[in-house]
Structure formats: C-alpha cells, structure tokens
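Considered here are two forms of the same protein chain, supplied as structure tokens in two stand-alone entries, structure 1 and structure 2.
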Structure 1
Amino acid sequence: MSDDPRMSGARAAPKRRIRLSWSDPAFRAIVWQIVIAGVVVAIGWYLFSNTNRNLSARRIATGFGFLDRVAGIPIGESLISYNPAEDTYGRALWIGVLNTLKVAVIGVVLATLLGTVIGIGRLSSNWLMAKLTAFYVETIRDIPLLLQLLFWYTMLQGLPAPRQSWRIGDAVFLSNRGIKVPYLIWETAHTWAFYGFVAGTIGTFLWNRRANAAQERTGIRPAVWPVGLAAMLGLPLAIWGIMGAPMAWELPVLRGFNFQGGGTVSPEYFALLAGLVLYTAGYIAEIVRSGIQAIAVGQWEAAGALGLRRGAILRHIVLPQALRVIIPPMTSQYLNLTKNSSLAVAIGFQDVVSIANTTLNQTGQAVEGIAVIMAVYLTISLSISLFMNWYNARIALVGR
C-alpha cells in the first residue's frame, strides 16, 4: 500500500455499468460478438449437415470405423512391425505419422546445424568462405523445393545396381536400392541403458536448476558438466556394462541381386531428408546471420579489448544474445520443414499423407482421411510452437 498521504483518500474508480442501449459502445460490442459467433456456428452447422446429407444420398459411409478394418496396404518402410494381411488402417496411419516425425525431427536438427554454420560463414572475414556461403543461400532458396526433391531422388536412382554398388569401407554400400549400413542388434541391455540416459538427462536438468538457484543466492555456481557427464554418459555405460555389454552388429551381405541383413536408408527417405535440410538451411542461415548482426558492434569490441578470441566472443557473448532475435523466425522455419515433408508423396516416401491418400482411395472415406491429415499436422505444428515459445520465454530478458 502506498505511503503517499495524497493517496490516502483515493478510491478505486467505480465500474461503468452497461446500458441496454444501442448508443452504448460496450453493449454494441457484445451484440456484434454474439451475432458474429452465431453466424460462424450457423455456417459450420450448414456445412456439416449438408455434407452428411450428400454422403447419405450417395450411400457413402461416414465415421472412423474403417480404422479397425484390415488395411492390406503394402508399406516398405516402418519403425514398428506391420503386416498388411493382419494390421488395420489405424496402424498403417500410425506408421505414416511415425515416418513423418522421423523426417521432421531429424530434419530440424540437421537443418539447424547446417544453417548455423552457413550463417556464421556468411560473416566470415575470409572472402572465399563468405562468397561461397552467399552463393549457396541465394541459389538454394531460388529453386523450388519440389524440384530439389526430384533432383536428389533422380540422382540416387542413377546409382549402380546392388551387384555393382559403391563400397565405403567394408560394411557400407551405395546403390539404387538405398544405403546399406551395419545394424545394431538391439537387446535388453540397450533398452535399460537408454532408460538410464533419460534418467541422467532429467537429473542433469534438475542439477542445473539447483546450480542456478545457488548462484543467485550465493554468487557461486556449482559445476554442472561433471554431474551431467556422469549422469548422461557414465550411468548408461554402467548399466550396459553390468548387463553384459552386448555389442553385436548385423552386417549387410550381397546375396543374389540384392543385399540381405543390415540397415537400409531408402532412396526416398534420403532424397526427402536431403532436400528438406538443404532447402531449409538456406533460410535458417539468413536468420542466424541477421541475428548476429543485430548485436551491437560494441559487444565485439568490448570482448576483444578483454583479450578474447573471435570464436570465444561468438560462442559465449554474441550467440547467446542473438538467440533472442533468432528463435521466433526459426520457429517458422521448423514449421515449414514439417509441413513441406508432405511433398514426400511426389517421390514415393510413405508418410502420413501418402498412406492417408491410399486409405481414402480404398475406403472412400475422403472427409475422414483429410481430417486425419489435418489433425496430424495441426498437432505437430502446435507442439513445435509450444516448445519454441516456452524456450523463447526462458531465454528472454527479465526486467528487475
């Protein structure tokens, strides 16, 4: 409460009552909101009832009951087991969602790393580095993404057949069937080691929060990296070692006209991932470059006066401040990469759009199929936005 004697007799202003008169702005605002909401609901109800009436007239079934029917859709690439003769449309669509996430998550990470390197390279004092990165950005952004995807897919299809495949070392083979690599045989020890890594990550996060609190309270920050190293690396390795330290690899072997065993990176997946990463990295590079240039030159000069090297200035002073400028537009690029993954249908990669299209063609459930696609991309996009907004708020400057 204020100690100012002039405010001792002050009272809160009375709330203005709404008059039921068209001349009252507040009353008019409420009426217009009710009218607009009613019009939107009426239009939605008309579209819904008209769609149902037309579907019924044409004897087209509605609802999502088809998800429990046997799919019979052949899927060449899936992260979970799938048998087209037994599994349902619901499981097939779930495989499509996982394939979309496999592209989106890995693509976001790789595009961020590549775009950051290129963005920093554009500001390099080395003339050749600056010109090469500028040429990359200007070129890659001017070529439509679909053409880039088709280019990479055509290049991979032009590789030799498996019997004449290119060999990298003794266990990696490049052919028009994809990239064959050694495959780790997953055992129980690896599962528990992964659980240990998750637990160590959570423990490191909690210890970091405790270190921040101790620094604010005492001015002394406990070391975080030894705890993080022990929790995130030492704990999984200890669990893995106690359970026998299994490390068996399944190597690809050429038998007949194709390879047997090992892991496969299909041409469709590699072309989609390469195209999305290279294309999005061009935009991320410009975001990183502009974020760095938004930091005042005095920051560089002050740090240089203290004897810090240019790399140390960039890592410890400039980039942490530039993140506050970089994060919002970066979120848009992550969303664009995720939504652009729907172009996978053009090169035959079976993501959620491809499998949903096959499903609606077989079942005739066009409205439900489109609704599933919309729901999947809406959920993924909202999840990315929520996480990035949380991170942006976490690194924002806090007024005192």
Structure 2
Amino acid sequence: MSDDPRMSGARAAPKRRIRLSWSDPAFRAIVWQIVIAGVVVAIGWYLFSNTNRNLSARRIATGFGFLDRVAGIPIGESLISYNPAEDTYGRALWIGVLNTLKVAVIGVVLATLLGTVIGIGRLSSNWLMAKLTAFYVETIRDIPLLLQLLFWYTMLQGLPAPRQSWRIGDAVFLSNRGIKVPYLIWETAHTWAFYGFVAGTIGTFLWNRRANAAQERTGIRPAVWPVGLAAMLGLPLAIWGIMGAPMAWELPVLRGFNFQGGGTVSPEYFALLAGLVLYTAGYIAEIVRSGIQAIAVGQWEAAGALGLRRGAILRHIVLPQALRVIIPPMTSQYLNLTKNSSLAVAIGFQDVVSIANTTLNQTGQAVEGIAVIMAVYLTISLSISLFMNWYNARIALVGR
C-alpha cells in the first residue's frame, strides 16, 4: 500500500469534529437517533405500564412461577413419561417442544428427499415425468398449508374404524385411530448394537480420511465401501448376534373398540407430517431444480468428455457445485417447515404452540405463554441458521 507512489505524501483526512448545527449530517443523525429511540422506548413503556395495570386489575400474577404448578392437561402422545395429575406445566411444555422437534426433524429429512427427487424429475428428459412434477410443484404451492392439513386430517378421520381397519397381515393396521405398527421390545443387546453402529460410523469416517490421504500421496484410493459396510452394518449385527440375537415384537391386538400394544402413528401426527412434507417438498424441488440449472452446461459436457456416466456427473461434478446455490434458500425452507409445524394446533396435534395455548387459557398467563412460544422458536431458528451457516461456510468456494 505504502509502495504506491501516488500515496506518498498523502495525508490522512483530518478528523471531523461534530458541530452542534442542524446543517451537520452527523449531528442530525445523532438527534434523529435520540428522537426515534425515545419514541420506541416511550411506546414500549406505555404498553408495559398498560399491561401491568391490566394484569393487576385482573389479579393475574406475572412471572414464570406457574411452570411449577400441576398442569392437568391430557396429552395424547409424548416422547417422555407424563402424568397429567402429577406433572407440571413446565414438563407439559417440554413435551410440546419435543413433539415439535419430532415433526420438524423427520419432516425436514423426508421433505428434502422428496423435494430432491421431484426437483431432479422436473429436469428429466422424459416429457411425462417433467410435466407431472411441474404440475405437482405448481399446484401444491398454490394451496394454503392449513387447508392441506385440514384435508389430510379429515381424510384420515374418514378411514374405517379399528374393527374394519385396513391391514397388512397381522402386523400393520390402518384405521381412523392412526397407523398401528409392531413394536420391537428393546433389550440391552439392541443398545449395544446401536453403540456398535455409532463406533462403526466413526471408524468409517476415519478410514475415509485415511483413504483420502492415501489418494493424495499415491494417487490410488483404497476401497472405502467394504470397510464401511463391515463397520457400520457388520459390527452391530455381530454384537447383536453374540448377545443372543433377541428379536421379540409386540404386535398390536384388537381389544374391544381399540388396539392394545404396538407402536402408534397418530392420525394428527401423520396428517401434520404428510401435509408439511408434501408442501415443503414443492418448494425444495424448485430450489434443487434452479440449483442444478445454475451450473453451466459446460460442466456436464466436460465431465461427459472425461467419460463419466450421467449419474456420476450429477454426484461428483454438478451436485457439489449446485449445493453452494442450494444451501441458503434450503435453510429458509427448513426454518419455514419448523415454523409451519405450529399449525398443528389446528388439527389437535399437541406441539409446543398447542400446549402453550392450553396453558395460557387455563392460567391466564398470556404474556408468559406467548413468550415461551417465541423463545422456543427463536432458539430452534437460531440453531438451524447457525448449523446451516457453518455447513455453508464449509462447502463455500474458497476464493483467493
């Protein structure tokens, strides 16, 4: 910088002092900021004092003390044990958070898979495939999600009663009480097999890194997939076999008017998941399509000239580049799916919004209830954003 001959002898700009005059932009900026901040603070204080006065007039205590009181909210499905007669509002809300996450995580995975398939389908050289997927994307994105959820929910309600349920053998039953599936009776062997799977995954990851290093050194890449198969599938299976290979299923059995035993996918959960996945997949498909189209045709042609097959080109050349275009809008779709899962309240799936809504109706703690909802979603949104930003930075093009 200082080598530049044009810069020699140049002086730093004199430091400007703020004049107390309206004609000085810096001074004006300060005055305006004070005015705007003052107005915002005044409005905030006004609303706050009104709220306090109204709350005291209605004899509603403020604060989060209600979280320790016994909730008494019946909750249909929960990932952790819950007893409405004993457990607190805090635990009920925590169940709601877990239910939200259950929908969001599974929804994001399924929507990504379906969306990617449809997005690639839109670029298919098969005319029928391209038109059908385009029709799907156009239609599904033009119907409000809430309407779709209500539709799926009433469709599931219209299924036959448990006695006349549709069945696959004696194991899977589909009725208006949801989908009943056999439940694996979990034993220590399964837990150990799971640990084996985790260890195998880490091992495969490390072996992959060694293979990369070997390729860098010698140009020959040691095979990864046999090691991966052995570590991720063989190891858990071996552990499970050594420990006696327990495999007992609890089958759902029809007793009276409903089923006993087995695992359940409730109609509420299924309708919510189906609606969210089908809707979000329409958006993801568009993102994937435009991401792939953003890659210049020359990349395809060059890879083809090197003798790669179409699938290999897509996997090794196009998708890694397309991901850079895809990741940012995909992040906002994941966030949308998570936020849209709050529509659960309309079809009676007990996510955090639904339970917080019941809580604020029972206790009258409107401010705290909504604060809980907002805090939960802000935390989830922020976590997803941070993770996706980290991933985006990892795969970003490294410039000079």
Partner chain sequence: MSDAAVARKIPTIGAVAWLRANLFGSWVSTAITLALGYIVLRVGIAFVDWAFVNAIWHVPYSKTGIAETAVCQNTKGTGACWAVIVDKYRLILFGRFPYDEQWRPAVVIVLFVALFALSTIRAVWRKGTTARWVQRVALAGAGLIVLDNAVDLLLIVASVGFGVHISDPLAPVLEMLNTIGKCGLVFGLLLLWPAIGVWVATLAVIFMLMSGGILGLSVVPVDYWGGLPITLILATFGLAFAFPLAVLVALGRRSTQMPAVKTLCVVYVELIRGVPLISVLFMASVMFPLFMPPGINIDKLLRAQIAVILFAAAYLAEVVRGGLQALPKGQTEAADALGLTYWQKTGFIILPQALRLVIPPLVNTFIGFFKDTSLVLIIGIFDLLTMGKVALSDPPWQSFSTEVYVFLAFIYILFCYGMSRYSRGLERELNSARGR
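Every value quoted in this text rests on a predicted model; they were computed, and no experiment measured them. Numbering runs along the sequence of structure 1, starting at 1. Take the two forms, superpose them, and find the largest set of C-alpha atoms that agree within 1.5 Å; that set is the rigid core.
The second of the two structures is the form predicted in complex with its partner chain. A movement of the C-alpha atom of residue 173 falling short of 2 angstroms is seen between structures 1 and 2 when the two forms are aligned on their rigid core.
Once the cores line up, the CA of residue 300 ends up less than 2 angstroms apart between structures 1 and 2. Core-aligned CA deviation for residue 163 between structures 1 and 2: less than 2 Å. We note a C-alpha movement of 3.8 Å at residue 244 between structures 1 and 2, with the rigid core held in register. Aligning the rigid core leaves the CA of residue 213 displaced by 6.2 Å between structures 1 and 2.
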